[in-house]
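First, one chain by itself: the form predicted alone, in structure tokens.
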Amino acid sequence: MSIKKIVLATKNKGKVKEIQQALKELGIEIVEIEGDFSPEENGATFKENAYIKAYEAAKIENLPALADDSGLEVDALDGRPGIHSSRYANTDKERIQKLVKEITESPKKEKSARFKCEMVLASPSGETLYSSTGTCEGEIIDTPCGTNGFGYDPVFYIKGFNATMAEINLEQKNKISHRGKALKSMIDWLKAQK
């Protein structure tokens, strides 16, 4: 089963850019979803939410659709914000402020955290063609640093780089990030289908 076109089940321009760059080597045409796209993410896990988005986009465009659901799990907050990462507050800035405030007020003082990503490729009939997982370990810092990336990237510090996710370039990010790891597994599977 050779896949020539994939619709990306997201309106997030940062995700589109990351995924397009990673998939360009395969010669698969990437289609962005048209119009309003905001399926109700009522799954209990990242994988369930990724499937909901992928299947909805696949039905709309009648093409295989790729979706991810990802978020930040902070140990001091017992894994929150988790699947609610993008709905934790209204803007990236407010999400970061709320996160740092809650960690500061937590009786647990550890700053360890991870980004987690579940990626699903679904067919228009609802079949999961492939799914993959990626994680990236780091810690939360109090003051945002860097202008690259989006979301929680400016406060997600990666020891091996001595930098936040927002201070490294997109090529480096795609190699080490949760989404980059899940996407690498997806790309390996897509290559095997050719």
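Start at 1 and count along the sequence shown; that's the residue number. For clarity, every value in this text was computed on a predicted model and none was experimentally measured.
Just so it is clear, the following notes concern the form predicted in complex with a small molecule, a form of the same protein that is not shown.
Put simply, of 167, 139, 61, 41 only one has a heavy atom within 4.5 Å of the small molecule in the model of the complex, and it is 41. Scanning 111, 95, 80, 114 against the small molecule in the model of the complex with a 4.5 Å heavy atom cut-off leaves one residue, 95. The small molecule in the model of the complex is not approached by residue 21, whose heavy atoms all lie more than 4.5 angstroms from it.
Residue 11 belongs to the set of residues with a heavy atom inside 4.5 Å of the small molecule in the model of the complex.
In the model of the complex, no heavy atom of residue 161 sits within 4.5 Å of the small molecule. Residue contact with the small molecule in the model of the complex: residue 85 places a heavy atom within 4.5 Å of it. Contact with the small molecule in the model of the complex, judged as any non-hydrogen atom within 4.5 angstroms, is confined among 139-147, 23-31, 66-74, 123-131 to 66-74.
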